[in-house]
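We've got the same protein chain twice here, in two forms, each standing alone as structure tokens: structure 1 and structure 2.
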Structure 1
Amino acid sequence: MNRPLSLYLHFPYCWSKCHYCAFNSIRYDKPQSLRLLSALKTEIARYGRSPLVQGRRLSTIFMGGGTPSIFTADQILDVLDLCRASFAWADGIEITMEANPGTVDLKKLTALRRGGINRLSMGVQSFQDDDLERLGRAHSAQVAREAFRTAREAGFKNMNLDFIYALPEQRLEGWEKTLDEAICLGPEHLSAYALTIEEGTRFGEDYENGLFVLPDEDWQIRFDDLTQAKLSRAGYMRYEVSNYARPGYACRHNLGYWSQREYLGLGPGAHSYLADRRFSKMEDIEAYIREVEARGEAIEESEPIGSDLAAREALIFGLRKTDGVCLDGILKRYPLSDPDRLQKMFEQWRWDELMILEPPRIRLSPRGLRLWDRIAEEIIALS
């Protein structure tokens, strides 16, 4: 039982809610945030003793949110130290923290870097101020540029910048400028997400009310193509639908999600995949805190993942990666009752130029990647 394990920690506070954001986050509330930290630490200590993690080493830690960088360096490092004390760490552990421009300065970043955080993921979204305003971001492009440089100065040598594109009214030229500037700054990693309108967000509401229209399919594809072409020319390899990295800098933590690897998620709404079960913590922050205070644990849902389902998940999420999956490996690990039907479907997809079969590996073609949800639907529907 020496398979490595990943740990996700959720910090659910932001200064303000962005218009597109459907994540589990609320406005920063200091008194509550102190209780949250202590609940989180209770959980870390408790899971550190769990037989499920005994003998296993953490290969990655990801502190996400929300905006983890809203907390002080001491608070964050306090949590990280507890992780170090509670779990065994693998050599070369990747420790990522998400940060938003406007919540970090040189002192804080330097402390965090020295305290062990070796990867910083910064939510930039755009280098155009009108885009940022439309997205409801709390910072300007200039603040984002400075934050990036400050992080470099603080010693972060593995950095990601997050972007969103294909916004309502966004022009191709505007997005191109953002990309150019990102390339110019030269982070090791870039995430570029086509805007998704989520229910329960300000955008969702405005969209329902017809306040804006989204770029149509063809237009979105032009954004996609531009993104892929520019980033690839600049030496960023697309390794997942929305993720690009210089060689050796793919996010190992996130690769775990797409490779059916196990992870433990702590904090409100965090999901775990451990011991053939997927389970999640309570989403409601107050409820999460109270439950942990009372019971040391706050499970919301838990479901077993049988071999058949695990095989489908491994295929589906693995196919988000541009190098796909090792089909033989998956079928060996999770035997399927009728793998022939799957093979037949793949043959059809190969014929339709959606999939590329290079035994023992399979992967999606660029067109197949663009239709990943449909492909996933069919893999689930295949009985």
Structure 2
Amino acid sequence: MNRPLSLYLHFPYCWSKCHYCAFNSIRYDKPQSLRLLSALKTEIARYGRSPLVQGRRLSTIFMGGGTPSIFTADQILDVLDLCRASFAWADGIEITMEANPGTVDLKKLTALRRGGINRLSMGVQSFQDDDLERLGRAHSAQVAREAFRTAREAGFKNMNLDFIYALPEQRLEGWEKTLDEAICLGPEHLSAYALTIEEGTRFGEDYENGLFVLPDEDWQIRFDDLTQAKLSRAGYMRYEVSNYARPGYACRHNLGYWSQREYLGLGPGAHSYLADRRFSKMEDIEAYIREVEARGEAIEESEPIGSDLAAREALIFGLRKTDGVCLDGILKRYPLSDPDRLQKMFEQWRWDELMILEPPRIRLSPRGLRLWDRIAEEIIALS
């Protein structure tokens, strides 16, 4: 079996919870975090022996959170060394770690780079201090600038910077300044996400209570257009709804998700797609640790992925990419029970200027990419 496999490892701790964040994360708890690391390593060793992954090579590893960089370099590299011992690795493996400014210094970053981490994804979100305060971030713009330069000094040559835009009361001029500064710093990759309001977050509560309003659709389009225009002129290719990269630096791990490649997710709340089945680990951190300590699998949900659902998911995630998908290839791999309904939907989207049909490929127009969430809901509703 030579099919590549990706591995995601979830580190669920942060110094504080950002106002927009709906990820499975809590404030750092050192005693619990040590048990979490032990449980995570138990799972890595166990899955490394599983028939599900025997004979397969890891092509990417992604350490996400939460804030993995809260942990010491030794703790992180112990986990990575166990991954190296437990799984076969492909040549040129991409190993990404998420980091927040304020949780890294030159000594830590140098150790991580020398230990094998070759891609760093830094959660900057903005270079405007008023935006950072509004978002509930724990760092300032200056701390973010210094963290980026420190990572370069430590030897990182493949870096992503994360940003959020279209915030309540955000001015277009402020976002343009953030983009200009990001371009001047010169990361290889930029992620730019329009703010979404999620249940269970501080922003979700404030929005429900009428404490702020989001920019209307026309205003958000201005943010989108500015983002794409400036980054394109600076040599960053938009290859997915919210992601831009210089040639050769698209995130291989995330491309795997959007291309229906199999992946294993370990850690509380992590999701996996293996052997035509999708499953997720327990979100509750303490419950996850106890279950793993008791030699359980800590699986919270699991479902088989039949042909129809697999085809719809391949379309949904594939249409996140700006080059779209090969429809013929998807339908050959996952035959749909009623492809005519899908074709009629595509024709309507073409008429509405949301989709571009270039047989055998289909892709979303710039307007369609902005409405990807709505399009995904309509595709998944086909059953």
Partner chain sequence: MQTAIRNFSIIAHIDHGKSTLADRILEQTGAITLREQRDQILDDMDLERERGITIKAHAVRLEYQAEDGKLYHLHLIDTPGHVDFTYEVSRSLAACEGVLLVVDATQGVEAQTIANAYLAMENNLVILPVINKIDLPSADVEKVARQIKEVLGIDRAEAILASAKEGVGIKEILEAIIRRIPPPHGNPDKPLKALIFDSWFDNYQGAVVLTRVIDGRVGIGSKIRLMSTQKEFEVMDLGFLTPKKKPVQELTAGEVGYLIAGFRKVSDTKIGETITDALHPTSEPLPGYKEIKPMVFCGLYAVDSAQFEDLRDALEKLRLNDASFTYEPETSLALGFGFRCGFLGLLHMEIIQERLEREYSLNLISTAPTVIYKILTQQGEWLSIDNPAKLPDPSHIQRFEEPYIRAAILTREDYVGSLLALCQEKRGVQIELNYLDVDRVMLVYEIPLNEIIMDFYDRLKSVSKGYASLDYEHIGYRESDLVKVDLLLNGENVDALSFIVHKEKAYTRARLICEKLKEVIPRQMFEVAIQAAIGSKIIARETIGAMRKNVTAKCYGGDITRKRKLWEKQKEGKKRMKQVGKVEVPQEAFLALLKVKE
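Residues are numbered by position in structure 1's sequence, first residue being 1. This one's a predicted model, so the numbers in the text were calculated from it and none came from an experiment. Take the two forms, superpose them, and find the largest set of C-alpha atoms that agree within 1.5 Å; that set is the rigid core.
Enquirer: Mark the structure, either 1 or 2, that is the form predicted alone.
Expert: Number 2 is right.
Enquirer: After the core is matched up, is the C-alpha of Ser50 off by 2 Å or more between structure 1 and structure 2?
Expert: Shift of 2 Å or more: no.
Enquirer: Please state whether Arg27 has a C-alpha shift of 2 Å or more between structure 1 and structure 2, with the rigid core used for the fit.
Expert: Where the cores coincide, Arg27 shows only a C-alpha shift between structure 1 and structure 2 that is less than 2 Å.
Enquirer: On a core-based superposition, does Arg350 travel 2 Å or more at its Cα between structure 1 and structure 2?
Expert: Superposed on the core, Arg350 moves its C-alpha 2 Å or more between structure 1 and structure 2.
Enquirer: When the rigid core is overlaid, by how much has the CA of Asp340 moved between structure 1 and structure 2, in Å to one decimal?
Expert: With the rigid core fitted, the alpha carbon of Asp340 is displaced 3.3 Å between structure 1 and structure 2.
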